[in-house]
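Below, in structure tokens: the form predicted alone, a single chain.
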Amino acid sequence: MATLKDAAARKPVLATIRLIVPAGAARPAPPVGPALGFYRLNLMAFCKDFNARTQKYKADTPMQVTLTAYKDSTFEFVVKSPSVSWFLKKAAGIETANSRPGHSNVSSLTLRHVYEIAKLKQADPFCKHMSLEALCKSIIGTANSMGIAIVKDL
């Protein structure tokens, strides 16, 4: 339970902004500029900090960002890893998923691919409490809905 002192120390939240920004390529142009400029946040500070945090990723990797804007024009943000569907498309070597999943398969992946994607997603702040088995089951379900078959060995 939060104490009265903790409640008084919290900053009032103005907005929570969710963006998808390419790794290492944040610029004060759309989509970042209009989203942050509307709340009068420092665009260059966000761009520099985001690019520094995502420099270890390959360029043009879509990173999910959840930014919390406060009323005193400050902000905090959390960078998540790319979506599972992006990882699956890259591993399968396809551009788009199947338009009719369940009727035909676009590609196939092994359980090793699923395990590697699950290990990457487990580093996410919101997935670190999930077991590797639960993440693998979730990834297999996503792959099935995309028309990607999961096999034991190729």
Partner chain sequence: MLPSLVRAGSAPLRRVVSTFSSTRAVSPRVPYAISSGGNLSLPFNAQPSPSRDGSSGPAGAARRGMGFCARAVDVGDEAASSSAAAGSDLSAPYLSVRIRCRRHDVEALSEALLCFGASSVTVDDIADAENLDEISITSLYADGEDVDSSVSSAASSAGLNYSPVYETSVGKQCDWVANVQETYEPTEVADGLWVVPKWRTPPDPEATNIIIDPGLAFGMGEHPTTKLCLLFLREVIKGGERVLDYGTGTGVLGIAALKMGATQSTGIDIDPQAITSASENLLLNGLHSNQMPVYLVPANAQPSCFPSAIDKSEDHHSTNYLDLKLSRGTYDVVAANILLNPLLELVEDIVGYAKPGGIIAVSGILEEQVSKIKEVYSRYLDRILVSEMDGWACLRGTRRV
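Positions refer to the first chain, counted from 1. None of the values given here were measured: they were computed from a predicted structure.
Same protein, other form: the form predicted together with its partner chain, not shown, and the subject of what follows.
4.5 Å heavy atom contact with its partner chain in the predicted complex for all of I94, N144 and V151: Judged in the predicted complex, none of I94, N144 and V151 sits within 4.5 Å of its partner chain.
Contact label in the predicted complex: S85 to its partner chain, heavy atom within 4.5 Å: It does: once its partner chain is placed as it appears in the predicted complex, S85 has a heavy atom within 4.5 Å of it.
Any non-hydrogen atom of V13 within 4.5 angstroms of its partner chain in the predicted complex: Looking in the predicted complex, residue contacts with its partner chain include V13, since a heavy atom lies within 4.5 Å.
Contact of A25 with its partner chain in the predicted complex (heavy atom, 4.5 Å): Close contact exists here: in the predicted complex, A25 approaches its partner chain to within 4.5 Å, heavy atoms only.
Contact of L43 with its partner chain in the predicted complex (heavy atom, 4.5 Å): So L43 counts as contacting its partner chain.
Any residue of 51-76 that, in the predicted complex, places a heavy atom within 4.5 Å of its partner chain: Contacting residues: N51, A52, R53, Q55, K56, Y57, K58, A59, D60, T61, Q64, K71, D72, S73, T74, F75, E76.
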